[in-house]
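Quick setup: one chain, the form predicted alone, written in structure tokens, and binding and motion questions come after.
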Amino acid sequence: MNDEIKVAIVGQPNVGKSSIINALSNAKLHVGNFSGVTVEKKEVFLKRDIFDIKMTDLPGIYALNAYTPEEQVAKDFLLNEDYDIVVNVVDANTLSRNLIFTMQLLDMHKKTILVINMVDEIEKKGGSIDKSKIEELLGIPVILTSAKENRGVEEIISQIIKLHKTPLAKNKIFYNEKIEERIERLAKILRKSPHFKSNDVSRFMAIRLLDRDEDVYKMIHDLPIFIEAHNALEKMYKDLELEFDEESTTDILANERAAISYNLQMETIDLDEEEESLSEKLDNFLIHPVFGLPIFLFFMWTLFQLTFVLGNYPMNVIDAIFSETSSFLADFLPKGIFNSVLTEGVLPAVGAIVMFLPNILILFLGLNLLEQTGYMSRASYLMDGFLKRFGLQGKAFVPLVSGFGCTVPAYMAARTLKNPKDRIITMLVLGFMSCGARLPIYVLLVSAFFANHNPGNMLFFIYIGGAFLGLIVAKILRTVLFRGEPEPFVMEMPPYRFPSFKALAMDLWIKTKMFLKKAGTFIAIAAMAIWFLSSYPVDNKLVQNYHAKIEQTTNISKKQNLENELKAKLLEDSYLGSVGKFIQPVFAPLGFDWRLSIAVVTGLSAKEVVVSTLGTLYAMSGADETSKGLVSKMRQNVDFKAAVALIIIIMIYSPCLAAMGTFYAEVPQWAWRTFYTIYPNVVAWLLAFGVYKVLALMGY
């Protein structure tokens, strides 16, 4: 049997860990999620000689004082999982800052390899890194790499095997003597417990306790040594904070590590930084106090246009393929329940899922380009100040803008928000950004009821009004549900760099698989349920009577009218029609009849369905938002107050099932899933009711 080596690859965000993994040749990549969370897990499997090497790429983590879910997952793995070697990847451009986390890893006293990535960028500046000096000072192997140039990557594997065969080296990282004195004293107390007999483990745990690590504090809480350790800790906190004139021992240790890291960089990197770097020159323009925001808005507008203009072509092709396939199979297969389920249920549902892929791929290609070039960090900086007034972070701007095109990729774009509170707040208000699928409904209602009041301005008001309302709701959510315990917003400013196209392709492939796997199953089932409810039960006697009338009629127009009447009656008598009549009392205060009630319900499957449903209910098959006949029918059957209330409902209530399924896939907590399912509908009804009553008082 081959000898297995388990490796943890860890580092701060944007240091190139994924690029290094992608550069590894003959590697098998497995992508999933860490157990119990939606955090992405990448595992690489390699064979070298008699060794099976399993490398786990941990999420980016700035420090063991974890804030985000990704950081907590990485921390839990490092502290609790079984592995042999730590590969710590750092960015040569920001070595001093990255090494602060390296100090924390060295406190663990595990077999560790330091991989200094992007050395090509240092060399282009005329600089050099003294690898031997770093190895001497830290006491661990150091590898200089450039994942983009595939340089030094294979050396990582060789060094893993070599280090696996050698004993653990002595620790070379020590702090100020006053801190070391407390560490040893606390470690001595911990060694009284059988859980911390090892000198290395007790020292590391003592450092974490002095660093005010709540997870480690909970570990010792139920041990017999807790009271003694707790009392000693309280005294150490006070003494050290007084001696170093700092507010917290966490700050003391952070300053110690920062000083060690800075000195190490000064001794080992030779770089002339007198001349302004390219990144600094670009920053002077791209994050300019005046021009920075317009430039960013232009980039996002361009990405938005590309996502939904370019994406429209493959979407139409995919739609046509599935439509033609459904029509072909409907004629080819024997008539019956299997035919109906396949051609009216399964294929349309699957088509609805696959149609979203072009938008998602284009959007994420653009987002990844902005991320890999280093510009996304600047964009977050630019938008952070404005959006913070509404309880949102700068990075929330990306999914919010995406929401105007399609809510499905917008929910997925919210992954760029690492803080769980910020991510959930953003996802909860994304529905207020009117997606493109709502446009046909707006066009229909504006054409019918605002034709003489500049329809273009009315459309603009609807979109801007929804977005502004979303920001207000975000502020309320931040104040009411997410107050207290504000999480710090850390912005990494990496240098600008050319993206790795292999990494882009790999990331798009991974996101494609995860979207189809996670959201696809739910979307397909839910869409088929809507189809079933609208198709059954069938009144065969009614169908026979209408078919007899249709066969006796030679006038094509009359035949079409009879077919439309039959569809309307079948829909009215279906389970969905029964639901519409059942919930009509809920919508009656808004002036809705059972037809509008059904249209609102069917809009949950896809917002475009609202128009086609109204066309069917008003016996106008094939009607669209520009149909003069349907516009006329709406004017005859819906009063102005109800039309305005309907606009508000469509603007605010739950998005389509595809978007809801994506939200459920991205947010595993049932409490938030339930809140998300209920609250927009309550807000939509209350606002629609209020506006309806105000218009009634005004005499409309």
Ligand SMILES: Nc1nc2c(ncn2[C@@H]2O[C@H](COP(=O)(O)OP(=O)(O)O)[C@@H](O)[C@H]2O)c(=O)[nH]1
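Owing to the predicted nature of the structure, the values given are computational and were not obtained by experimental measurement. For every residue, the number given is its place in the sequence shown, counted from 1.
What comes next is about the form predicted in complex with the named molecule, which does not appear here.
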Exercise. Is there a heavy atom of residue 602 lying 4.5 Å or less from a heavy atom of the named molecule in the predicted complex?
Worked result: no
Exercise. Would residue 561 count as a contact of the named molecule in the predicted complex, using a 4.5 angstroms cut-off between non-hydrogen atoms?
Worked result: no
Problem set entry | Contact test in the predicted complex: residue 422 vs the named molecule, heavy atoms, 4.5 Å | no
Exercise. Is residue 680 close to the named molecule in the predicted complex, meaning a heavy atom pair under 4.5 Å apart or at it?
Worked result: no
Exercise. Where does the named molecule sit in the predicted complex: which of 141-149, 154-162, 202-210, 474-482, heavy atoms within 4.5 Å?
Worked result: 141-149
Exercise. Looking at 249, 268, 372, 112, which is the one with a non-hydrogen atom within 4.5 Å of the named molecule in the predicted complex?
Worked result: 372
Seminar exercise, completed: Partner-free chain; cross-checking the named molecule in the predicted complex, the single residue of 497, 97, 567, 581 with a heavy atom within 4.5 Å is 497
Exercise. Who in 99-131 is close to the named molecule in the predicted complex, meaning a heavy atom within 4.5 Å?
Worked result: 117, 118, 120, 121
